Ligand code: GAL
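As a starting point, one isolated chain is supplied in structure tokens, in the form predicted alone.
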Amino acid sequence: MKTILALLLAICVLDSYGKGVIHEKEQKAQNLSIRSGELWLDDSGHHINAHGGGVMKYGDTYYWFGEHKSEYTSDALVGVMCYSSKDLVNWHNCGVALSVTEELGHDIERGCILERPKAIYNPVTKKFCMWFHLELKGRGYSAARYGVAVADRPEGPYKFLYSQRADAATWPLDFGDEERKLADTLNTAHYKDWSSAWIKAVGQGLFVKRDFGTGQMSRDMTLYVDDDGHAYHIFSSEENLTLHIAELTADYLHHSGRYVRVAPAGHNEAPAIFKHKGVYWMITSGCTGWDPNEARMFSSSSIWGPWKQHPNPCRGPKAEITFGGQSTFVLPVGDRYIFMADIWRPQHPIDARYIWLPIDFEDGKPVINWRDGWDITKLR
């Protein structure tokens, strides 16, 4: 009898151990999965607070930079957050990478609007360079500037350098003498907004001419470093009507003065760019405030264009509204890519959620298929 009881106890113990091992394996597998739209917790158990962000890889570590959102406002009360990870799923909170300041009248005074921060590494200067969209405190979205900061370490702290509008007193590369003469004759007072004549004039440089002296507007943005080491600032300009692609100087801290316009009067924002087999692809959003809309996609064989528009790359539930989100970045991982987007919650900004989905290709074109969950290890 004792032998039988001992045998049963041993079986129970083995069974419990087996279940424990299975549970541990399941837990580990779960920890390597991406589930878009759910709460994403860092290693301290808090929802990751890095919205409108981008990811930089340095060494074997990924650094995720994003806007710190508060409970009831999207104004910058803290600054830019940084999280680090080895596997893109389990994230450590590195703290505030760029802090706003209490100094009155400062460009990044607490309460300003600081959006879509991106960071890149310059191997020549050995500095980490951060760019972001900046609106001065109390001025709504009228300033339309970009801001630049620099650090000695990937996680920071980043030192704010300056903010300004883009490419003052500089014509785009695709404006020759004839285009410049025509743009010089344009005046916003002569057109009714959204009339066919107004749209045509926007394409001809109506707002480029208006802002020529003060600098071009710079709002939703991203950074891109090409294979040859040249870096570019891609941003929504001209009252969010036209995208600009501006080359950076060798130190990645200023514009070089070379820029082009993409999809004039197309009303695009939230650019996210990547390169696949020699072709540049850019996913953007329409301009509908905090509400989601249908993603757009463009391609070009040259960063300078011309750029061709393609249909919405999203597939699956809510594809017509980008799964309820808005593009922010495309992250290369080996020879694959992850589409990153934000599900904005303007009534409770801190609870905004994240969408990360692999980019597939059909007939040579990017396609983003919705997945309730997917294993990050299958991407590589």
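When you see a residue number, it is the position in the sequence shown, counting from 1. Note that the structure is a prediction, hence the values are computed from the model and not measured.
The next section is about a form of this same protein that is not shown, the form predicted in complex with this ligand.
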Quiz item: Among 269, 238, 107, 167, which has any heavy atom within 4.5 Å of this ligand in the model of the complex?
Solution: 269
Practice problem: Select from the listed residues 247, 115, 155, 211 the one whose heavy atoms reach within 4.5 Å of this ligand in the model of the complex. | Solution: 115
Practice problem: Answer for residue 138 alone: is it within 4.5 Å of this ligand in the model of the complex, judged on heavy atom distances? | Solution: no
Quiz prompt | 4.5 angstroms heavy atom contact with this ligand in the model of the complex for residue 322 | solution = no
Quiz item: Is the gap between residue 198 and this ligand in the model of the complex 4.5 Å or less for some heavy atom pair?
Solution: no
Quiz item: Any of the heavy atoms of residue 278 lying within 4.5 Å of this ligand in the model of the complex?
Solution: no
Quiz item: For the chain shown here without its partner, which stretch in 250-258, 157-165, 282-290, 171-179 has non-hydrogen atoms within 4.5 angstroms of this ligand in the model of the complex?
Solution: 282-290
Quiz prompt | this ligand in the model of the complex - contacting residues of 313-337, heavy atom within 4.5 Å | solution = 326
